[in-house]
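Shown here is one chain on its own, the form predicted on its own, set out as structure tokens.
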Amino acid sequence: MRYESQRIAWWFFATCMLLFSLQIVYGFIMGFAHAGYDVLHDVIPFHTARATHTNLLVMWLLVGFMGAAYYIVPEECERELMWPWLAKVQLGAFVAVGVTAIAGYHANWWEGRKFLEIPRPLDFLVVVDVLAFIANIGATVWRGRRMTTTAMVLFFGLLMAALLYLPGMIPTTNQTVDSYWRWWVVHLWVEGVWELIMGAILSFLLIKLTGVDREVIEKWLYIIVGFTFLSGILGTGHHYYYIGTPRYWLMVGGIFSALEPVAFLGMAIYAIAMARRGGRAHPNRMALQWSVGCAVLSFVGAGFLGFAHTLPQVNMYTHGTLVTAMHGHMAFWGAYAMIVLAMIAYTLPMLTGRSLHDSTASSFAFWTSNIGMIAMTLAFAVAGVTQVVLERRLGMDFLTVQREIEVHFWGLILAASLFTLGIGAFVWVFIRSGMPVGRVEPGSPSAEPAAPPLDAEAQHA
């Protein structure tokens, strides 16, 4: 850690740990409800649990992106954060809005719009809060001593994420028009600008952890991320198949959705190649594992599993089924959750001065959470395919099918329990690391080591 204001990132990451843990609790509520034991229905109905679960996901990922930006931008731009006090105010305001929204869900005060359930008055507060964040980051980049590609792409991704929140606020009484604009927020976030944010964070981590030349990493990684971003924009069409839009979206959505896995595969291959050819033995091996794991599992979840059910001929049967949950869980975990956890794993020793990154608990957290998520994805896949066959092919009643697939959710609950053990270990390491300290002096065990000269092969990779 080179700058005092980077310590602010710790508070954002601590908030991530709290919100992520709460999200898992609501996931279990939904899992038991699917298994036939909806014992909390009178207190937390399924639709409330679902809205809370998905919105907590969005909240903690956004807080994680903000924390990552507050750590990366000062280091990339070689200056302190412009307004550290504003970052603290902005975090408190964002959490306050989130808590109010979640309380509103339980009190049935919400918009009936999937993934955008937050009450409309709170939308304006979110906009103000995010604008304060963008102003803080933007001013730091503008006044910095240098302007790197990593910092610029991160800032552009965050800026576009803020701007693309606005289409979801367009008032309309037409359901088709509302769905059209709603996917500008939901899809263009997760399969568009969030990928720029992911790419910038991954670039920063690979530069720090592998020692490969910055120009090499930034050039090739952003070619891949740019292709992913381009295919993701027109890939929005796979949400327009059956909502009343023109039929040409079937072709546009199908073609560009089929291109998305190619970009994610390139990202996975590239991250592995950089890790292998870096020529640098960084002591924080867990951060590197989370970084490379992010690239690999984002291809599996967002790329391969997304392609598996977004072609129109397949989506006709899988749309709105648990097959979507299969894809969604692995995609969000691989592409975004893991990159935030990678950033936390990398920064924690520098922020706190304690070197727990190579502990048994850290290794247990990585492998157990990933095995648990893979098992959860398989459980969703079995339940989803069974639902498609019984409901969409054989024409059985929806509620009858739900009872038939209850048994598969016991496998899901077991897998989720394994996943929770892994995340619990990660949170335990975070807590044991303690509070942030001042600058970590060069030469200390948790300081970033100086990069040794690269061999010729790595320099020209």
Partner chain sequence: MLSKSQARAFFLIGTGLCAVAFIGLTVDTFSRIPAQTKHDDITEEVKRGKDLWESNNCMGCHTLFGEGAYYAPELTKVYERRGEQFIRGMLTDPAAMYPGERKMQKYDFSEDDKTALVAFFKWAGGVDLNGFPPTPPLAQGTAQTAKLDTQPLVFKQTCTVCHALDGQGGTVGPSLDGVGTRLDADYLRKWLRDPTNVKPGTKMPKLPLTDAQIEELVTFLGSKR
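Predicted, not measured: the structure shown is a model, and the values here were computed from it. Numbering follows the first chain given and starts at 1.
Separately, the form predicted together with the partner chain exists; it is not shown, and the next lines address it.
For the residues I223, L131, A96, L311, the 4.5 Å heavy atom test against the partner chain in the model of the complex is passed only by I223. Taking a 4.5 Å heavy atom cutoff to the partner chain in the model of the complex, the contact residue among S355, T245, S363, T386 is T245. Remark: Y165 does not count among the residues lining the partner chain in the model of the complex, judged by a heavy atom distance of 4.5 Å or less. Using a 4.5 angstroms limit between non-hydrogen atoms, M435 is distant from the partner chain in the model of the complex. The shortest heavy atom separation between A51 and the partner chain in the model of the complex is within 4.5 Å.
Although the partner is absent here, R276 is not a contact residue: none of its heavy atoms lies within 4.5 angstroms of the partner chain in the model of the complex.
Only one segment in the set 198 to 206, 268 to 276, 340 to 348, 312 to 320 has residues whose heavy atoms sit within 4.5 Å of the partner chain in the model of the complex; it is 312 to 320.
In the model of the complex, T172, T173, N174, Q175, T176, V177, D178, S179, Y180, W181, R182, W183, W184, L188 are the residues of 167 to 199 with at least one heavy atom within 4.5 Å of the partner chain, listed from first to last.
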